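Two separate entries follow, structure 1 and structure 2, each one form of the same protein chain as structure tokens.
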Structure 1
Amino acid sequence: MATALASSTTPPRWDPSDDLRRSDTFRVRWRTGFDRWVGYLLPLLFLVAIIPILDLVYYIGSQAIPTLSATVVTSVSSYQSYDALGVPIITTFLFVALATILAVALGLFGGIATAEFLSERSASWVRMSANVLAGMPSVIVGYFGFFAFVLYFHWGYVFIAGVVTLSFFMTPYIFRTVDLAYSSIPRPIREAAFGSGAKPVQYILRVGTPIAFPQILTGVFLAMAIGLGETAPIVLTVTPNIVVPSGLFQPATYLTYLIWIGFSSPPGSIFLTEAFQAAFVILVVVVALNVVVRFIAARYRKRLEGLYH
């Protein structure tokens, strides 16, 4: 009795559960519950991205794999008469290889110059135009190729017109990764190089390039993946051919072109089968290139961190 009286005059001891009980109003429960349910439901939106990808890969794989065989992929017989994907595959490889070489020639030195020589102002201008070029719709680049190479230069619908158009499409990607690669070389390494008397060209060749090389490689692979998947720049500047082109001014065929002409064919037709086969081959190569890019980029990031410490 006496103890109870004493405790009622002194302020009550603070009890954390008391506080919580007081704050356990409807409003607080609603807020925390809402937060929890948002946490459960929002990740489901990933399904919007994942289901289409899995369905796409599964469907195209299920349509293409039963008809694909080593002979189909390598046979260089006329691709429109029966299952033979050799000609488009070889020609596509030539397209991408030549366009990559051209795009590297156009983008590599520009990227180095932008990272190393240009003032911040002009560099930002050049970077902006590279970004704009990368954001340009492929049909516009294809139109440029048509009006400039096919019509104005009178090349006609030939292999080289497609290669040059495609390389213009790929250039900004290579340019940007090269620029980024050289720009992200740690400053202490640059200072060490110049402090020990290196000339700019010596720095770029002996110090910068070995460090930047993996990232340049990712840019090249990525540009190849993009070029491989492009349709519009090729379709608008090249006519298809049933053989591998023997020269630069010959018509040539392309894997994405097979999809474009075959997609609305009735089920079971040779064009639809070839469209699926082409789509599958492109998908495999593009995904492989993307995985390689990811792998190199992860290793490169680790190495860059190593250089900082």
Structure 2
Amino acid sequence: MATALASSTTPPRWDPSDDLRRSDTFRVRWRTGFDRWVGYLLPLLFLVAIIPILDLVYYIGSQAIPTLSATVVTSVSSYQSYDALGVPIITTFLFVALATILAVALGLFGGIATAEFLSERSASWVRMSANVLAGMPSVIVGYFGFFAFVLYFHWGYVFIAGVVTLSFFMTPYIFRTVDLAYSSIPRPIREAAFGSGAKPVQYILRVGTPIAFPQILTGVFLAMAIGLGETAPIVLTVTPNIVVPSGLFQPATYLTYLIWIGFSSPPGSIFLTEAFQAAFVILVVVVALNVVVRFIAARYRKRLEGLYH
């Protein structure tokens, strides 16, 4: 009787697996609850981020659209007559076009070399340098262009100085996109191309580039959109002018220069009206660039669908 009573009052033996199972159950419940709440939280965070942007777009549009017309946009009379944006728009497109050509040449060469030819150690150093340049404030790039091209090379405040400075600002974005595009090509495709006797240049031109083209195109248009909205690389290297530049060593006017001048003017100034007009034009062009690049990339991916998988 005593033995049976003692055995009935003895506590159960501790089993470590019980604590492990309880810990696993708590962890699963916590993760499940966290996933459920994140599903509700992400749309809320999206609204918090998008509402100020939409408010800014509405404010710029409400200030610019009443004074904006086809005549204002297309006329190439002096921008100092306060009735035309033709000269700044044309010159801005020239800036972006020439800077994009230089940036694509540098970024494409650097990205292909890093992804396909350099060793892992050398490639990591190049990628780190590109990340540093991509995160550098535009005013630092502007001061670099000022000291390098305006002062050291004695070019002065001219069109070519702004173009080259802007291309240096755009190059890291194109380089990173090109490097990622070629690095993400599946290894079996690369091995199959070389196994078939293709030389590196043949592989890049005939195999790698068609696969990487949509990503490269996205990076180029992203760099164009970023360059279109920059001010410091232009303000610090170029003197504004009232006509479209007739040569590389001529003064030039940029749309963001009008914004910089206008928003530093007192309320009610005609320069402020012109600044809103320039900001709205840049906004429309950036949105159009994003829509065009997504449409082209989507159609190109559809054409390649199933060919390289």
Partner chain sequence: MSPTPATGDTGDREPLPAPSNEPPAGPSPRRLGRATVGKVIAFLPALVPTAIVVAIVVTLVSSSHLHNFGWRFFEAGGGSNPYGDLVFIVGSFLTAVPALFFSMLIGLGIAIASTTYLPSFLSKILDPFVDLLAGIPSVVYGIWAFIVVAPVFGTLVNPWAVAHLSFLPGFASSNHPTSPTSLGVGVPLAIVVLTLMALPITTLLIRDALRSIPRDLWESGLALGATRWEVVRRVSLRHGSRGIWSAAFLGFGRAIGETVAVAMVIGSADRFPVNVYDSSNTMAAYMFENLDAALVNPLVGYNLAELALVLLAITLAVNILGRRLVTHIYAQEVPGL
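The term rigid core refers to the maximal set of C-alpha atoms that superpose within 1.5 Å between the two forms. Quick note, the numbers are simply positions in structure 1, starting from 1. Just so you know, these numbers come straight off a predicted model, no measurement behind them.
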Review point. Pick one: is 1 or 2 the form predicted together with the partner chain?
Key: 1
Exercise for review: Superpose on the rigid core, then tell me if the C-alpha of Gln250 is displaced by 2 angstroms or more between the two structures.
Suggested key: no
Check your understanding: Would you say Ile53 moves between the two structures, meaning its CA shifts by 2 Å or more once the core is fitted?
Key -> no
Check your understanding: Core-aligned, does Ser62 move its Cα 2 Å or more between the two structures?
Key -> no
Exercise for review: Determine, in Å, the CA shift of Val291 between the two structures after the rigid core is used for superposition.
Suggested key: 4.0
